[in-house]
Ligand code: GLA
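There is one chain below, alone, in structure tokens, taken in the form predicted alone.
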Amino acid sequence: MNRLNADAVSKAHAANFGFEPIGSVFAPGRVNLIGDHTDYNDGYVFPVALEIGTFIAYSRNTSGRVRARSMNMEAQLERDVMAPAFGDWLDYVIGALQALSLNTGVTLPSGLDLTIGSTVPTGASVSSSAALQVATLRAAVEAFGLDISPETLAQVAQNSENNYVGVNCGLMDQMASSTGKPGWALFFDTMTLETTLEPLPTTHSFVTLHSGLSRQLTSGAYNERRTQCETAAAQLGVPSLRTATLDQVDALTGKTRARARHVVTENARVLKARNALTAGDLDGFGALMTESHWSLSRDFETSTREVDALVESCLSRSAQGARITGAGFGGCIVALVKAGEEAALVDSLRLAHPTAWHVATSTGLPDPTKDQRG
């Protein structure tokens, strides 16, 4: 499916529905360079939009229903726009459209025919669900001529994930997909909603590797971590762990203490990493990535033995830093390597990690212009 593009999805739409689409949209996946499980704690994150993503060709229909064809699953589903969740992939589409109506007051004037093709692997912690929801919302915005900002669109998508799909996620994935640009890291303060685009270096690359282990967020582990963080904040008497200090965290006990310690130290690492990136200190950035991984593995317990081994293998080779990325519990890691060493790293891992595979490579664009900063 990696050969999918807007033209291929549009042609599939015409073949499936019998008429040309009226338009097509794209929303990227993302890899988080540092700052995981901080977004729902009002903290800082530092993701980058990938060149892989979700394409949707769309047209309007008069039925008031959604007819959606998935090219990846070779399946078509149809449902009323206001239908309840069914527990399948169409929930992400229907949930996004319902959230659009509920959160903006916009009543969709007709139904939609959608053909969906994605180059984002599912269960990989690179935001396949956010890309699908953001692409769905972009299709609706264009199809019906709505005026909705990228930031509002991201919040609508998050609302859908929280209240319709049932994953109590933060805003990072949706904001990265809606406002991010490949080649630029998105510094996002989830409390103030401040965003700034920082150019990636051209001397180094961030290589995203799938561990070979898929993960399922709705299994409850993700929501459990969020509850533990909220419990820690309540015990400390602070509105969120964003404002907690390490001295305060030391007063906690058990798992609650460990979870809070990760969040507090991770927020500090994101700020240091942003400074390191802007200063061109890639050794420092890599060291912070590795610190982040072991914090997620030991304090937040969202890594696995196999993922830890993959991180260690990258570090023992050419990587200057490596960490699990995204929600965890399997999925992807991201490694920092010098430009030109990406293929050698991937090839060297094949024997020790036969189930691991290359997902994407993120690097700086030639002569990035300052006026792209958000």
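Heads up: residue numbers just count along the shown sequence, starting at 1. All values derive from a computational prediction rather than experimental measurement.
There is another form of the same protein, the form predicted in complex with alpha-D-galactopyranose (GLA); it is not shown, and what comes next is about it.
Note on contacts: among F187, Y222, W184, Y164, the single residue with a heavy atom within 4.5 Å of alpha-D-galactopyranose (GLA) in the predicted complex is Y222. Comment: alpha-D-galactopyranose (GLA) is not present in this chain, but in the predicted complex one of P28, G35, G321, G331 has a heavy atom within 4.5 Å of it, namely G35. alpha-D-galactopyranose (GLA) in the predicted complex is not approached by D42, whose heavy atoms all lie more than 4.5 angstroms from it. A residue is said to contact a partner when one of its heavy atoms sits within 4.5 Å of a partner heavy atom; D113 fails this definition for alpha-D-galactopyranose (GLA) in the predicted complex, lying far away. Among residues of the shown chain, G170 is one whose heavy atoms approach alpha-D-galactopyranose (GLA) to within 4.5 Å in the predicted complex. alpha-D-galactopyranose (GLA) is not shown here, but in the predicted complex it comes within 4.5 Å of a heavy atom of G326. Heavy atoms within 4.5 Å of alpha-D-galactopyranose (GLA) in the predicted complex map, among the stretches 228-236, 149-157, 280-288, 170-178, onto 170-178 alone.
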